[in-house]
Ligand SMILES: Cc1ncc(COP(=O)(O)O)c(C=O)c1O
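The chain below stands alone and is given in structure tokens; this is the form predicted alone.
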């Protein structure tokens, strides 16, 4: 007897009505969850009993969707990272918006594969990329693609740099036959400051260049790359038989928000015949603000640029971007066209935008919709205003720290990152490091706020990275009070 055919859609009109009712409830309750974010702790750990319920074997039999949703509300929703909260400033994690949440739902409902087809999702992504090229001031002809985030964006940019500047056909010969070894081409080298994000090192290693190929250049007192030291390293490497293929500039370092002298790096890249890649994970978007644009001057000279829209454009995870000036080099790095991906003059595979030829992924979701809807609904100027607001908030916090006798600012705060610590007269750095670590952990565990941490010149820093459109000045007043009160209480224990 033939098995009855089935589907994952509701079986009848009643089933569709029940799912529609549940969907309306989900939307209403998630919007309320966002509206009341300030009323909850920023973060709280997942209790042991919840962890136990979230373990176990895979379910073989069905459970009503309404019951599964209740389990979600009980065991998942109350214990998020917390980055939707106004006082989440840990690492550089964006906030998300209600509208973009809904756009993600629409994108999931359409469920397109944004790779090479002639459909509306590809047209929308192409328009979004065009907007980003325009807003960041890159030249006409620049293009790119939306990726998962900054790490993938850096990998894509550096892959193009490697292939474009290697001096041999990397795709044909491979690194083992093209670089290194007797009579072969020079070894390839990449240059970045010691403040550069770890994703650049990961990309260099994944691209087969090796850990030693990434030259870590010292920084100046303001945490920007020492251009003179870079010049010396380039000269020494060339004399030793290395081939410099890429210089990486930072537009907003992860530790302090510092921006390298991008104009000087662009000129030095041209002089060395190297590719100029900018990691602008969040700082590149300062270019949207006329008053801040001088801080990232030279960005427009990049051969490739990596940045995240889920950071300082407040989109829900995940959406990053790589922009590349030379589209011939970009597509030559990734283009593979087997018979089953061939295009025609007509049909669904004709006239599309082949995003699969610009990156690692063939399977790609509709990341662009939330960006497209957000830009059109709010207007780009609203995002520029919020970015400027975050920078002013960082300056406000830095001012609070500077004025307080028990707090010390540990680095300049040119953009949206503030690093400081609680101080005790005559205490050494080891004592202060332990004390500030405990202050940080207690504040996180209290649910009052989530800053993160870093080490600057051997000093443990409480680090506040502000990419949050819900934060207000009173939130930073509260943080300063919490740090001082916690530090004072610990010293009196």
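The structure displayed is predicted, hence computed values, not measured ones. Positions refer to the first chain, counted from 1.
What comes next is about the form predicted in complex with the named molecule, which does not appear here.
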{"query": "Heavy atom distance at most 4.5 Å to the named molecule in the predicted bound form, all of 199, 279 and 311", "finding": "yes"}
{"query": "Proximity of residue 151 to the named molecule in the predicted bound form, heavy atoms at 4.5 Å", "finding": "yes"}
{"query": "Partner contact for residue 254 in the predicted bound form: the named molecule, 4.5 angstroms, heavy atom", "finding": "yes"}
{"query": "Residue contact check: residue 92 to the named molecule in the predicted bound form, 4.5 Å heavy atom", "finding": "yes"}
{"query": "Region of this chain that lies against the named molecule in the predicted bound form, out of 364-372, 328-336, 106-114, 151-159 [heavy atom, 4.5 Å]", "finding": "151-159"}
